[in-house]
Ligand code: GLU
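The chain below stands alone and is given as structure tokens, in the form predicted on its own.
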């Protein structure tokens, strides 16, 4: 086996990228780069029934979008291609036949109906069904006769029924499994395609994979894979199994809840950099309190011995906090670029100055999909209750608010130079002259022109964004409410 570290990410093109799969890819990428190794992308599409058109492109786009460029893969080539399993179909049957010859595998001609009957009988006895090696008893002549007759078959592994199989995992340590718990898994299906269980062993060996990094669900299948390696006389790779990504201690991330896929979060307006940074910390820690990392810094800090054996809890609130921090660090220009489509959802055609709005919104934005509701009031004044004019801190109530608006309305109508500076200076001068406190006068103005208790910017910034005519119209609506 190569001295150079070679990891692989081998997803099935069955839809969108699950966060658990994305984290597996991330850790494989970080481990390879930390060790000056190679990160390989392999598409495992042997299950043609689950294949989804366009899903391979989703894998490419997601990994590249996240900054994980692969060194070898279907679209970049390499010395060990093809890197799509369906294009390697001719590779697998000869290896399966080699196992048949050595007694480590056998042809199985059992029909689905026969297997279903035996499964039902086992369940009736309260047993877990395991293939009973029925076809292993066939003589060579009987097997050949069935093959000559074109009888459909699969090729099964001939797993031992006594003893134990052990291996060492770099996260979970020494693992031992009794061989009588192993089933004779199918290696080659009736359609001639290999199963995932067989193809991943053949391909990992042929592609020189040194470290197999994958989900915990494969930890109990690994003994069967190792028996295949031993049967071929091949060196077994190092295993790094990873605990799952969970929503909480008892619930998996789910498609139905809209929290399982990378694309779910991108569509909601989470930044990829924030998502990758946070995802890296879901099941791994750097050994100190540091939380913010670029991809290069993650490569530098990553180590397998800090992977957790416990499920990683994907806390959306924590991700949202990360995202808000990343948004604050954006340049104003980049924030405006990213926010514009979200502004458009609420304000398209309303004549609002997006550049100024972006300046007011950047520090208040946690996730971009919340932006439209935060700015919608600028396009259309929402219905609001007259009680919103009451504010103990600002010392206002509907009566005080009415007096404040009546005082400020002619002042605003008289402003010719409609700039924030002029609006500020003129209003502040009038408020000072009246002897009213700033908050007592400006709170009613904010409510009248926004209908909101909380807004990006204060009354003066909102007045400028709305323009004089709209500002006066809304003040008149407020005075009408207060006069009822």
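Residue numbers count along the first chain shown, from 1. As the structure is a computational prediction, the values presented were derived from the model and not from experiment.
Quick note: we don't show the form predicted together with the named molecule, though the next part is all about it.
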Check your understanding: Looking at 167, 172, 218, 293, which has any heavy atom no more than 4.5 Å from the named molecule in the model of the complex?
Key -> 218
Review point. Given that the partner is absent here, does residue 321 sit within 4.5 Å of the named molecule in the model of the complex, heavy atoms only?
Key: no
Practice item. Flag residue 20 as yes or no: does it have a non-hydrogen atom within 4.5 angstroms of any non-hydrogen atom of the named molecule in the model of the complex? Key: no
**Study point:** Proximity of residue 196 to the named molecule in the model of the complex, heavy atoms at 4.5 Å
**Key:** yes
Check your understanding: Would residue 213 count as touching the named molecule in the model of the complex under a 4.5 Å heavy atom rule?
Key -> yes
Review point. Does anything in 3 to 28 come within 4.5 Å of the named molecule in the model of the complex by heavy atoms, and if so which residues, in order?
Key: 8, 10, 11, 12
